[in-house]
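Next up is one chain by itself, shown in structure tokens, the form predicted alone.
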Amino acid sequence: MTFWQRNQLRIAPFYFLAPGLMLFLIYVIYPIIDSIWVSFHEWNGMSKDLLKADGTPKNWKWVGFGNYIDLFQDEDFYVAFFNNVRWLILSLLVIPLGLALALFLNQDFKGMRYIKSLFYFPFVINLVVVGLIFAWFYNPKYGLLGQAFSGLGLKPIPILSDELYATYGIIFASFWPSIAYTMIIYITGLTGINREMIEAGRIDGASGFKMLWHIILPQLKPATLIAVVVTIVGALRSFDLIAIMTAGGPWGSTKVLAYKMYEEALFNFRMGYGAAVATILFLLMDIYIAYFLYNLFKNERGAK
């Protein structure tokens, strides 16, 4: 019996995994390592082929932790960081809102399919379109919000031009597609609810909030975990709406880490500094994901 015949069942899975693993290494792991390596250098993003007399690249200089030292002395970094914290905290509101919407749409009556399609719509349109829609909505002169204020005899607020309100205005705009996505997750979870447990709860006198808290929500725990992970990672990666609605303004008040990385690397030609921002953002996501997986495995062991 040959080696292949003896170990076919053990080796075969690696053949199936090899193409996906190869692509993952090339397009995910290598760029991460390369970005971390770039963060220890001063580089303007241009070709590294131009050499000095000693053979070293003219525009590629090792600075060690210099970019990180500059980063933690940069006031804009702390503005961007705390804006990410605001996104993180406020974005969690979409989870109960998505759940409430899913419970409403889970009812069975005539025309519900058409109502569901209206709520699905924000999820399928591009975030660029969402940003443009809300930029028009917030326009103090021609926007719907400004018209509403004027109709009430109040002075319209230029939300996207005000340092105090701009970040919250963008976060509110992000709720529209985020609630739709969370709603879809919960509707999928509600299709797997054990109907026998619901009937048993009704026989025992459970209804309303008690039914929701003690019978429905425990069965929606997997959906809730997915919703929390997607929401938090999305909040940390927020970029599209900021780029479309304010481009980080006014006066840099709406910047987040992802936008600062983009601005420093592509507009200020500080690739090393931008890579340092990306590395910090990557570490923040890693800490959260590690904490989430730890609690997930801990709960699974407890359930066993």
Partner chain sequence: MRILKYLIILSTIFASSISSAGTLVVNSNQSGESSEAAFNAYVAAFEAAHPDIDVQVNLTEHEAYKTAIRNFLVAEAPDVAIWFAGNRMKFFVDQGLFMDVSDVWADADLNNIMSSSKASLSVEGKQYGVPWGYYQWGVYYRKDIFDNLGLNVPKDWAEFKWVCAMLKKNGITPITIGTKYLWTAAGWFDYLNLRINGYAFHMGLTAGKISYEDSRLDAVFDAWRELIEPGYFLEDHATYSWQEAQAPQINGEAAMYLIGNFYVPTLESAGVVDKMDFFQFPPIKPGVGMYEDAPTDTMHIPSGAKNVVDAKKFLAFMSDPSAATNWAKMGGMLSPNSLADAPTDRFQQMGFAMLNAADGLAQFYDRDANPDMAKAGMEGFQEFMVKPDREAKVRARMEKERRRIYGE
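Every value quoted in this text rests on a predicted model; they were computed, and no experiment measured them. Positions refer to the first chain, counted from 1.
Separately, the form predicted in complex with the partner chain exists; it is not shown, and the next lines address it.
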Heavy atoms, 4.5 Å, the partner chain in the predicted bound form: which of 28 to 36, 274 to 282, 66 to 74, 232 to 240 makes the cut? Say which one. 66 to 74
If you check in the predicted bound form, do N139, K155 and A247 all have a non-hydrogen atom within 4.5 Å of the partner chain? yes
Given that the partner is absent here, does H41 sit within 4.5 Å of the partner chain in the predicted bound form, heavy atoms only? no
May I ask you to check whether A258 falls inside a 4.5 Å heavy atom distance of the partner chain in the predicted bound form? no
State yes or no: in the predicted bound form, is some non-hydrogen atom of D204 no more than 4.5 angstroms from a non-hydrogen atom of the partner chain? no
Hey, in the predicted bound form, does F267 get a heavy atom within 4.5 angstroms of the partner chain? yes
Within 4.5 Å of the partner chain in the predicted bound form, heavy atoms considered, which of Q147, N194, N126, S161? S161
